[in-house]
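Only one chain comes next, encoded as structure tokens, the form predicted on its own.
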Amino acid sequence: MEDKKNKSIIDKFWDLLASVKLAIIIFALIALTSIVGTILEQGADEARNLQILAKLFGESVAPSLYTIFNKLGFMDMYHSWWFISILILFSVNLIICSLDRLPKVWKLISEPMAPSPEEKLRKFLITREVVIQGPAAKVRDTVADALKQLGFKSQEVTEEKGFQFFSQKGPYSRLGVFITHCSILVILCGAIIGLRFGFKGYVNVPEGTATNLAFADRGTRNIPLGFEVRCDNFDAEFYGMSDMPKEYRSWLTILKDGREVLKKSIVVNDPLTYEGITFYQASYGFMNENIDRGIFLFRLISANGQSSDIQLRLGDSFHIQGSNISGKILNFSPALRIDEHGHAFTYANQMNNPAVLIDFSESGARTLTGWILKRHPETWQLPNGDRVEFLDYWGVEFTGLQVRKDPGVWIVYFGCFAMSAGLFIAFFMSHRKIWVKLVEEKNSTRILVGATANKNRAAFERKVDTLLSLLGRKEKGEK
């Protein structure tokens, strides 16, 4: 109590920063705020988070809660000053806590082993005693061999009535917790570098167009990429005839100073990365305003087998080679459905079931007007044996890309690797010390074993029992 009263303000402040209680409080704050930041979508539209809050707390209080959370910075909390301040305070606590304990631990590691008196050996938590027939000089080699078999490189001293062996294993395992502490700091540094010098945004790129910008902070901040990304094509694959997308793929090209430097098709979980910026496939959509500029891709196959690929726009006409059939594109629907009365209608503003309405004529006389559906090949066949395959309608879809730059990601990966190593050392390795004292008594030798382990004492006790078992077998002449 007197020592506490005599401590200076600096010492008291140091003790506060080195406190495990402070670490628990800070860690709890990080956990609680992260829960809120996980529930609320970071950087999302106001309507989206209002919807989330309404589901959790009711529509009446959702607007008030949104205002409070928005003012507190929870809509982009991982970039907020207070969250970064908590991380910095946690780092300071971790550093000071480690510095406060490291000298004592290092002393235990670097302190050389020395013989121990019998009284001290008997006070160890792990003690064993056995008597073996024969003089101590003869038993000495047996003990040395047994220790060697257990992996201990022992030292030996000669005493008045015999010998003493002592050895240790894993002294540096005590540093496992400090490796873990350092790895946490490395991960935090990587995260802060990513938050400070990286970004997370999005961009919608229509087919056939390129952009050199991404957008963040709900579209209010433009982020120059330093190059252009172009969407050459987009395609969605569905499960059977349902509207549930199975896979959607974008064919992207990176242009630097007007030159194509990289091409790649991306899907979910298989992104494109260039100059540290990664493009993830996130969404897609249909642009109704581009319907007049879109290009239809058809394959025309006549009844006698002649084939040709053509590109047309809405309102264009075509002729099937080797046939008297001509056609004109009248209309397009991104998602066509026929009701019970036979009337066609568009049921979604996505390319779920694209269909094109074509007016056919033979030798100038109108013969047929009908819908040709991309996902229904049975609609491609004409009555006279000709075939119009609807391959694509290019230029009317956009690919939604999540754009991310995180210069600290490799630092985080290294920190995670170091943490795994530190945790393995801390939990599965221990600092073990053993002393074996040989005391000659008449025609026998009394062997006293004393041992300590800072962790996994039960496992080390089994090792000591194995040592005694080896000594017993040696005494009986067994190998």
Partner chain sequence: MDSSALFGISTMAYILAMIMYITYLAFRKEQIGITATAITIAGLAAQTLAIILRWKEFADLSGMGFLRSAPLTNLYESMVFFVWCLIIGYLLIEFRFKNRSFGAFVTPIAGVALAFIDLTGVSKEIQPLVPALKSNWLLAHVTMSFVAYAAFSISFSTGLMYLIVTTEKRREPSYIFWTLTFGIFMIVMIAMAIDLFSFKVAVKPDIFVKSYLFKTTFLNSSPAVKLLSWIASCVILFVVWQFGSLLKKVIQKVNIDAGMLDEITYKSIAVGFPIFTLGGLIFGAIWADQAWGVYWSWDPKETWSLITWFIYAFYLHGRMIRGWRGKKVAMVAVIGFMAVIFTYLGVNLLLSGLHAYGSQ
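Residue numbers count along the first chain shown, from 1. None of these values were measured; they are calculated from a predicted model.
Note that the form predicted together with its partner chain isn't included here; everything after this is about it.
With its partner chain omitted here, the record of contacts in the model of the complex names 36 to 44 of 36 to 44, 64 to 72, 432 to 440, 445 to 453, defined by a heavy atom within 4.5 Å. Between the options G190, G176, G395, P354, the residue in contact with its partner chain in the model of the complex by a heavy atom within 4.5 angstroms is G190. Though its partner chain is absent from this view, in the model of the complex it lies within 4.5 Å of a heavy atom of just one residue from M244, A114, L125, V157, which is M244.
In the model of the complex, its partner chain stays beyond 4.5 Å of every heavy atom belonging to L53.
Proximity of R140 to its partner chain in the model of the complex: non-hydrogen atoms within 4.5 Å are absent; the residue sits far from the partner. Heavy atoms of K21 reach within 4.5 Å of its partner chain in the model of the complex, making it an interface residue. In the model of the complex, its partner chain lies within 4.5 Å of some heavy atom of R462. In the model of the complex, its partner chain lies beyond 4.5 angstroms of every heavy atom of every residue of 102 to 129. Three angstroms is the minimum change: in the model of the complex, the CA atoms of L401 and D217 sit closer than in this structure, by 3 Å or more. Relative to the shown form, the Cα atoms of R218 and P407 move together by 3 Å or more in the model of the complex.
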